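One chain comes next, on its own, written out as structure tokens in the form predicted alone.
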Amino acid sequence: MLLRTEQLTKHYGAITALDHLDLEVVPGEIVGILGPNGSGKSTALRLLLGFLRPTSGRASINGHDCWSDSVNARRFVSYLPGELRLYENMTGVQLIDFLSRLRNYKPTDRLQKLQRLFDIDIERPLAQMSSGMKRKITLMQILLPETPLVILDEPTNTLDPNMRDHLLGQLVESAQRGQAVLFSSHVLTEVEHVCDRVAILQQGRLVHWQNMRELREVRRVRVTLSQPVANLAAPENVAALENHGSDLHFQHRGPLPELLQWLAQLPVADLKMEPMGLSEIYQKYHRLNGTSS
């Protein structure tokens, strides 16, 4: 197991920022931590990096305790914080070189590839860069070393949609090379697109684990009929059927032929089918607070 937390907890006086988190991440896997601001995402990541001391429980990376042996634990990690504090007197390439030498790592040809991908002049002084450009520089530094574990806190903040898609593509490539990726987000579409598993946090507690492969097999189907049909006998792989006269709403899992054969027997006027997605699951925990994303 590359990363493991056991009952990881962090209190600030009477406030519980993280409550008994159990989490495991294996090589080649992308895991998303999903939740609104204040749900405990950043606290969890900072505990993993040894920046905070847990109140109770423990976390380990590649067998090294994240608090008592944090220096060795961090040798296996590339980390992008949510809030950047950079050396503004450096150029982009100087910062990359400086941080690479701290790791005893020499940038490879991938540096030029990433520079073209993110479309940025790394010779430019950081003081003259926008927040989005600075984030591109740090993302390049995170992606270069190919460490066993990549941890990112809200990585797409300040990125435009095109750059966001490029980054998510790079995370998929990292997993295909055998790296593990753990990132926090409050954007449902990001974690739906790339994650293998998703943890949903609510007020510091892990309230739901979602296997995304299983969820992607479920479709939300809406059918408009030219005339109402009563007493429908739906196939076994149809669930949560709602018959509103001329409108049918249901969920479907599995191969399509049986579903299409059943629909062919009905007076279908219109059909809409889409992946189930995380929205309904997420809103189950966060809608009451008005914090769904």
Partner chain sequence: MTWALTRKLLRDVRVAWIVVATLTFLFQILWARVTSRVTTQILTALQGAGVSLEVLQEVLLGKEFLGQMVQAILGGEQIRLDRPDNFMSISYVHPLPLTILGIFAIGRAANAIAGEIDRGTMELLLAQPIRRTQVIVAHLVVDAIVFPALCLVLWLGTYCGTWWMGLQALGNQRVDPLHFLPALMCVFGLLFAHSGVTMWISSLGRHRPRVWGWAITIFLCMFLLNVLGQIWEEPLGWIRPYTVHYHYLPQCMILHDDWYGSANAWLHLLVLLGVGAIGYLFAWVTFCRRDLPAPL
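Predicted model only: the values in this text are computed from it and were never measured. Numbering follows the first chain given and starts at 1.
Quick note: we don't show the form predicted together with its partner chain, though the next part is all about it.
Participant: So in the predicted complex, are P81, R85 and L99 all sitting within 4.5 Å of its partner chain, heavy atoms only?
Facilitator: Answer is yes for this spot.
Participant: Identify which of Q115, S184, T156, Q141 has a heavy atom within 4.5 Å of its partner chain in the predicted complex; exactly one of them does.
Facilitator: Exactly one residue meets the criterion: Q141.
Participant: Identify, from the list V238, L225, I30, L52, the residue with a heavy atom within 4.5 Å of its partner chain in the predicted complex.
Facilitator: Answer to the contact question: L52.
Participant: Choose one stretch from 226-234, 41-49, 56-64, 252-260: the one whose residues place a heavy atom within 4.5 angstroms of its partner chain in the predicted complex.
Facilitator: Among the listed stretches, the partner-contacting one is 41-49.
Participant: Since only the chain is shown here, I'm wondering whether T189 would be in contact with its partner chain in the predicted complex (any heavy atom pair within 4.5 Å).
Facilitator: No, no contact at 4.5 Å.
Participant: Taking 4.5 angstroms as the cut-off for heavy atoms, does L215 touch its partner chain in the predicted complex?
Facilitator: Looking in the predicted complex, residue contacts with its partner chain do not include L215, since no heavy atom lies within 4.5 Å.
Participant: Using 4.5 Å between non-hydrogen atoms, is R220 touching its partner chain in the predicted complex?
Facilitator: Heavy-atom contact with its partner chain at 4.5 Å: absent for R220.
Participant: Is N89 close enough to touch its partner chain in the predicted complex, meaning at least one heavy atom pair within 4.5 Å?
Facilitator: Residue-level check for N89: yes, a contact with its partner chain.
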